[in-house]
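Considered here are two forms of the same protein chain, supplied as structure tokens in two stand-alone entries, structure 1 and structure 2.
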Structure 1
């Protein structure tokens, strides 16, 4: 009697173990937690990241997932606030048990989550924050960046501008971190590439400046050869409007980092100014490669709109994640990071390397000029010059220096 009871218990326990073990294997998912701003104007950019990520993840899962695991993701709205975003990231780690954190268009939040990811030893992939500090001075083993940053854009723009015949410049921009970072980035590099450039003056306005006309008219009075406009986000559209109204673009050529991006040009329709020089990581119409055409077709079929630059970041992130796990051969975090370092993958913009030292994706940068083109009800970039990732990236030496190593 006693023996029989014992055998029953042993039987039940072993059955339980087998069942539990079996379910653990079959139900294993790789979970990604995305924290980003999905309310307010920044959502114009962030929705594309999320949607393209979704597109890629659906494709992976349909093909049997990654190492036999399905990828799943959850999103949280940071409302562009650091405290809300950071607590959302903590919640994702504690309650949702995510394997990877991703997101944020807000640079301050990206830096905060980067600190958290280092502490919790969970990889964090920054998808749209433009601060060079993320993979520069404040970089760490767990943080990766899938987007260009102010250092990269500045260097790329300087390369493009140095080839043009301008010598006297005026700098104007948003009086906050992004504006100054991008202006310094362009100017420092431009001075090195072309020592005879001269700065006539600078104008700085507050973020959300309601009227740019007085700034533009005062710059025109100074008659520079070209102007570097360091403004971003929601100020781009009103600035371009004021530029059009004053005929700024006809009188003096100006460079504005995000001027050629779809998210900037689409709301303006055909009334955007022509001849504005801008830089971007991606256009749905450039590069004209089969890989990009296929991506645009898939994205359009799924969401009924053209992919903007954010879509590249989201799509690329999903592919990097998948291929890094496959290269690592396991879902172990440390092995995943080792695999991701230095990895090269095919993307809609060609081969992109994840630089091993600073975890910055080496994206090519396209410098183009806005122009009306038949077939589009908004302006597009033409005369595109490609500045390769290797040219645009700040050197490993300079990153080492910034980190005080």
Structure 2
């Protein structure tokens, strides 16, 4: 009898909280599911995305969360496999009931998750995949990109290379979505800016190629003025090792997107090749602004290392999520997407806009050349040139054309 009376009292108290709209039942958890490669060479890039995201989320939650809601996230390792990553994304939706999907460094996987997000009507934020198709030809309402894509990188690289005295080129890279996309992005823009350039040939290898020496030998035999190397996250560091070991960088200048990034250069230490031309969205030492210095200080205090470019993407993703929900005034998915379109936030590299039409973050691009510098036990970028997001972005008209609109 007493037990029954106790449960009656508990029930009445609970009902009172519901009727009063009490905080005990009104708050919820905003859950983010991250699918990325956390094993092998790609983790050099992806760990910083996750860690900067967590740093920002912890700060938000300590300050009361977002609209009174706590942000949580769970991760899954794709092992750089499309099938594994896609299965993980489906599991996050069905079992973890995540509100947002996030990731990945694998462009092919990002495109697969994009299709899934459209089908399930769940936002997907691409944080490191570079394929222009993600927000271009294959873009949809539920997909956003926090990183530069191959179209942006290609256009920015072409601007820099067009000012150099190179006329004959060779293209070499990973034989998958990203490799071909970055190579096409650079070459098509370069031809427009400098019509007299000539392509002598191409070399393509499988992702994870263990020996680049035969390819390097073949390229050198063709005697190009310069080489466009289109490698993804898994092969960037191994290729630079091979370039140093064979003296490739001393025999012919080459451009490689991400070659100047900390994630690529730090594992190599002072054994990285000098004189390599590279592009990146971020350096912890550039731009030298209070916002960037504060970000570096916070990240280093939390993780005892300098932030690489992935940290910028993780930072932006967290802040775009928070501010979009706050602007929407609701955790409703459709209102969140509407709020995110066209939003501008402050970042370590200045103000960044999420272009409303294609959901592409308008990031600046920095082109530099690898060099040993006093005070660093790894190479850094020198002679840095800035290409603004507005300059590097493909036009809305070109995106419409790609989508057949």
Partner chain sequence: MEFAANITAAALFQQILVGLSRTTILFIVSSGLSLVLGVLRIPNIAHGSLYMIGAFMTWSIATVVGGSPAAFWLALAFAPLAVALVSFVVERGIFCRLYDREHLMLLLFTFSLTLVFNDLVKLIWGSDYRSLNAPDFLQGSFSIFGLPFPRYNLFLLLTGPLVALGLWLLTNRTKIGKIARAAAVDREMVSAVGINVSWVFAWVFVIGCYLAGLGGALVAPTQNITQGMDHAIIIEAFLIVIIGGLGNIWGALLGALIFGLTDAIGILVWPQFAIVFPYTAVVIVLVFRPKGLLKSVW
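All values derive from a computational prediction rather than experimental measurement. Between two forms, the rigid core is the largest collection of C-alphas that superpose within 1.5 Å. Positions refer to the first chain, counted from 1.
Structure 2 derives from the form predicted alone, whereas structure 1 comes from the other one. Core-superposed comparison between the two structures: the CA of residue 232 exceeds or equals a 2 Å shift. Once both forms are fitted on their rigid core, the CA atom of residue 273 lies 2 Å or more apart between the two structures. The Cα position of residue 169 differs by 2 Å or more between the two structures after fitting on the rigid core. Taking the core as the reference frame, the CA atom of residue 248 shifts 5.2 angstrom between the two structures. Core-superposed comparison between the two structures: residue 179 shows a Cα shift of 3.1 Å.
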